[in-house]
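Below, in structure tokens: the form predicted on its own, a single chain.
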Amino acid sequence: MSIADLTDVLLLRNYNTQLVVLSTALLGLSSGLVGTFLLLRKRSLLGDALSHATLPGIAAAFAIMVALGGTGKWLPGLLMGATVSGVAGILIMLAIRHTTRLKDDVGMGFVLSVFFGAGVALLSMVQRMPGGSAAGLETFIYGKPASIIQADFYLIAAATLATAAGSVLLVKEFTLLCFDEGFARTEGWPTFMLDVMLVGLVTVVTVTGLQAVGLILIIAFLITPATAARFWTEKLSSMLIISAAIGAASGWLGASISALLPNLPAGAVIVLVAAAVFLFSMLFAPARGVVPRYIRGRKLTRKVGRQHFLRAMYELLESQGDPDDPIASVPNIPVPLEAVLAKRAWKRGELKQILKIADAEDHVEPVAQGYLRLSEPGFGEAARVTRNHRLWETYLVTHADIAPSHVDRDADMVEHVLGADLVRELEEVIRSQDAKMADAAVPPSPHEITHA
């Protein structure tokens, strides 16, 4: 592979490369759009069953065209046969789902195995038919993008346009169908017809993608871009855009790599590129990726441990103040290490790790061995953490009917994610009943008020 070859492929100077790359990119775009709804509908394997159900239609269409005097290789006729067979398989799946108590996976497994078996049997029969050669039909199983011609490109472009238009026009209805089919039915939406329309879009993508990636790999083209996009966002609109972009990029890059390395089958390379994007998304996507989620979890764990330590220290210092006015006279004095360990039943190793974090954040200062003391910024942070905790406790006791004996546990589960806006809201709610409590530097604990 030379620099000239690479430049020719990247700039699409070769006419055949243009057709193949643009066709697979458009197919990836439509697969990403439809695959998103399939994924959210929890029917990702529907495309697999549909693709396998097209095989007997391809063989039957070939036999019919040969019987009528043709060669049997007319692509629109073969795709028409694939469509009829695929729709028949889908209707059988829907019939099983809506007329029996069997679940979707049973219908998909039945259609996939029976139709694919019938297709293999028919292919072996048409290969022995006189007057026609079945050589090349296996490309619909494994895919052969290099055989795409201008008419095929126009067909894929039309299918992409139809799929994109259907996905955009019906996005509200498909969203409702995917997230709450029961609610949609009770509100009078035609859920069965919406299901059929979604399956129709899947059929269009599957049938037009047979020549590019084959009926075995088309399922990966339907599932992988949508699954990768799911790691990047929580919004459906963004997910549709990202999924379509990943699908188009996978088709573009896969076909380009195959053009540069002719010994590699394009369909397999396209799927491998999509899989690589999926793995990268799974690991590094900021919204739901494994690595960012692990980092966020570690940060939250450090924050929770630090806040528990600061609150434990402040409560121990509170107990050393003036009993008549504990809020105004909290002394910042050294606290025995054993008292801190007993306060939250920490193990020494756990407390040691927390103290490393506190020391790095300048929340503790050195004192005599066996004692701990908060620094000036640490004391201020401890007061703030304790105040937020008690505001939340007070709100739960007075407005959520949580028993004072249980409120500490419930407050512990939420207090670490209290933002400044939520703290202000808590202050306003509590101020409406007790202004002194809300305005206090650190309000008294609801436990002490109740016990008193």
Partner chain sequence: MKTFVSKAVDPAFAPVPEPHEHPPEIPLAVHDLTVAYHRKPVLWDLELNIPEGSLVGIVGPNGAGKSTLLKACLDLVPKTSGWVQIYGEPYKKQRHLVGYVPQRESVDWDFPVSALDVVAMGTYRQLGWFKRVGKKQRDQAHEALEMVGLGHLADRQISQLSGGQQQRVFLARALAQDAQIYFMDEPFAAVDAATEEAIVALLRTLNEKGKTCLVVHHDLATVTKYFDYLVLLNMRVVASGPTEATFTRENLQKTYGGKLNLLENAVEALRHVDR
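Positions refer to the first chain, counted from 1. Keep in mind it's a predicted model, so treat the numbers as computed, not measured. C-alpha atoms forming the largest set that superposes within 1.5 Å between two forms make up the rigid core.
There is also a form predicted together with its partner chain; it is not shown, and the following applies to it.
Contact with its partner chain in the predicted bound form, defined as a heavy atom within 4.5 Å, holds for exactly one of Ala159, Val364, Met239, Leu112, namely Met239.
Taking Leu194, Leu155, Ile96, Val340 one by one, only a single residue has any non-hydrogen atom within 4.5 Å of its partner chain in the predicted bound form, and it is Leu194.
Contact with its partner chain, judged by heavy atoms within 4.5 Å in the predicted bound form, is confined among 307-315, 228-236, 256-264, 76-84 to 228-236. In the predicted bound form, at least one heavy atom of Gly188 sits within 4.5 Å of a heavy atom of its partner chain. Its partner chain is not drawn, but in the predicted bound form it has no heavy atom within 4.5 Å of Leu396. Its partner chain is not drawn, but in the predicted bound form it has no heavy atom within 4.5 Å of Ser147. Heavy atoms of Gly182 reach within 4.5 Å of its partner chain in the predicted bound form, making it an interface residue. In the predicted bound form, Leu40, Lys42 are the residues of 25-46 with at least one heavy atom within 4.5 Å of its partner chain, listed from first to last.
The two forms, fitted on the rigid core, differ between the shown form and the other one by 2 Å or more at the CA of Lys103.
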